[in-house]
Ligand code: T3D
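One chain comes next, on its own, written as structure tokens: the form predicted on its own.
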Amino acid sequence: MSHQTILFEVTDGIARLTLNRPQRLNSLNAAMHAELRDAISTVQAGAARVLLITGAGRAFCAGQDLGERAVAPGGAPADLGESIERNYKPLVLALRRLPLPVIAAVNGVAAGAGANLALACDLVVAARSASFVQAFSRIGLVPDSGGTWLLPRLLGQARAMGLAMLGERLAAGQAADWGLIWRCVDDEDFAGEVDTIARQLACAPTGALARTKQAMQEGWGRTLEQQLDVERDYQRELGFGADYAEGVAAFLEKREPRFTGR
């Protein structure tokens, strides 16, 4: 598929996906959603060991491109629920279910669905000049793209409610202090730090990371006893794998492991 709204390449096990509508602050439209589906399907096919998502220009993603919202005759708004079902729900679920690490490199403002797209990733690294805005209340909507599910779990009810209802800008440094994101990095160090993390994960035991991701995401719906059973089953499975044997051998031989599992 020829990409017009994203940049996408896979090198050295790292899939790099750049939202590329800088003139519209990388806001999401139908064409971008189609290209995102195509890129993620390539990653799902086993083309990479880690997926890195970032934005071109001065924004990560400003959310839905409101200029694309169709208006029916008589001024009635289009069915927003249909757009969620067709585009945003599959996108968020695909990112959450990818059996490999997904990094959001938030280089600038992440607003509305753009903020929650970042939060749906496994690790969020933000430049210090970046910010997060739950802008939905400003246009009479509820946080979507998983926002009402993610925010209370990451921040607690009080902070989640404040961000959602007031739509205030949250600076990257405070987002890191609150535990909303993994790390805030000074702008001059941002690109290098993101690249270091991506390369580290590309060399990691992908199977173990995939099971870690799955266990943590699904653990919200289990009791402690049930989760202990899941951990037992995953350790049993991974313990018979080549990456575990390589990790132990590398530890005993005092060398860096060379993981090859998918």
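A quick note: this is a predicted structure, and the numbers were derived from the prediction, not measured. Position 1 is the first residue in the sequence shown; the rest follow in order.
Keep in mind the form predicted in complex with the named molecule is missing from the figure; the text below concerns it.
- Put simply, A111 is close to the named molecule in the predicted bound form: some heavy atom of it is within 4.5 Å.
- The closest heavy atom approach of A135 to the named molecule in the predicted bound form falls within 4.5 Å.
- Taking non-hydrogen atoms only, A62 approaches the named molecule to within 4.5 angstroms in the predicted bound form.
- Taking the partner from elsewhere, Q23 is found to have a heavy atom lying within 4.5 Å of the named molecule in the predicted bound form.
- Using a 4.5 Å cut-off to the named molecule in the predicted bound form, not one of N107, Q174 and A176 places a heavy atom inside that distance.
- Stretch-level contact check against the named molecule in the predicted bound form with heavy atoms at 4.5 Å: of 79-87, 119-127, 148-156, 185-193, the positive one is 79-87.
- Contact with the named molecule in the predicted bound form, defined as a heavy atom within 4.5 Å, holds for exactly one of R222, R199, R58, R37, namely R58.
- Residues of 151-175 that come within 4.5 Å of the named molecule in the predicted bound form, judged by any heavy atom, reduce to R169 alone.
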